[in-house]
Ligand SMILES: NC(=O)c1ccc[n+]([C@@H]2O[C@H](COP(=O)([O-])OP(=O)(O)OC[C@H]3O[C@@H](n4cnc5c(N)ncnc54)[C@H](OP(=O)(O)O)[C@@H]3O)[C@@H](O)[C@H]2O)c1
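Only one chain is included here, represented as structure tokens and corresponding to the form predicted on its own.
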């Protein structure tokens, strides 16, 4: 008799929300969730990208939606979340992918405005969007939250801005603290710490630079966005119910601490 594990791996019919969900790792997550049969909701700042993604997924017979929202702006988050909750009543899965890499000036050149911008982009955005959906998760006794951090938040990097390394480490602290608060409510909170991944942002760099980075990674290549989305998908499945407060390193062996 073949044993089925569908009850551990299926997210069919669940409502899955992805911030930064139109491109890169976030876009790959939206696509993965839609193709797994979830109601996939992407939040982003570019309506044109959102429309293209939704049209492509719908043409394949999937259920996908896009909401335009800057997750660093509380009023926009409140407005967008109220529309989502009015339509579906809750989200089962929340992936906080919005944020991003910043190149490294020396500390003498880092302004307080740059520090605040990085905090808003990488930490405040996750705090605001998470806060508005917690009550509905608690009411149902179920939820999966995954925050995007970075290998840079684990170890620092000489070519990453001081504020970026600081904020990505902050995301890890936010994840661990929130996991402890929400564990009694059936809600798991985890983070993914990707290594260098071939995203549209990474591909702005020269192929020479990307090749040099790949040679520094034990597996000798960059990650694909689909590989990162697959790791995130695992943390969002029903079977990941005993995994909370964890940081999943998906970096090809470049950091193993």
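Being a predicted model, the structure only gives us computed values, none of them experimental. Positions refer to the first chain, counted from 1.
Heads up, the form predicted together with this ligand isn't pictured, but that's what we're talking about next.
J.: Just one stretch in 147 to 155, 130 to 138, 78 to 86, 178 to 186 has heavy atoms within 4.5 Å of this ligand in the predicted complex, so which one is it?
T.: Of the stretches listed, the one contacting the partner is 147 to 155.
J.: Quick one: in the predicted complex, does every one of 71, 98 and 122 get a heavy atom within 4.5 Å of this ligand?
T.: Answer is yes for this spot.
J.: Is it the case that residue 43, even though its partner is missing from this view, gets within 4.5 Å of this ligand in the predicted complex, heavy atoms only?
T.: Looking in the predicted complex, residue contacts with this ligand include residue 43, since a heavy atom lies within 4.5 Å.
J.: I'd like to check something about residue 164: if you look in the predicted complex, is any of its heavy atoms closer than or equal to 4.5 Å to a heavy atom of this ligand?
T.: Output for residue 164 is yes: heavy atoms within 4.5 Å of this ligand.
J.: Decide whether residue 35 counts as a contact residue for this ligand in the predicted complex under a heavy atom distance cut-off of 4.5 Å.
T.: Although this ligand is absent here, residue 35 would stay clear of it in the predicted complex, with no heavy atoms inside 4.5 Å.
J.: Tell me, yes or no, whether residue 11 is in contact with this ligand in the predicted complex, where a contact means a heavy atom of each within 4.5 Å.
T.: Residue 11: no contact with this ligand in the predicted complex.
J.: Could you run down 176 to 194 and flag each residue that has a heavy atom within 4.5 Å of this ligand in the predicted complex?
T.: Only a single residue, 194, comes within 4.5 Å of the partner.
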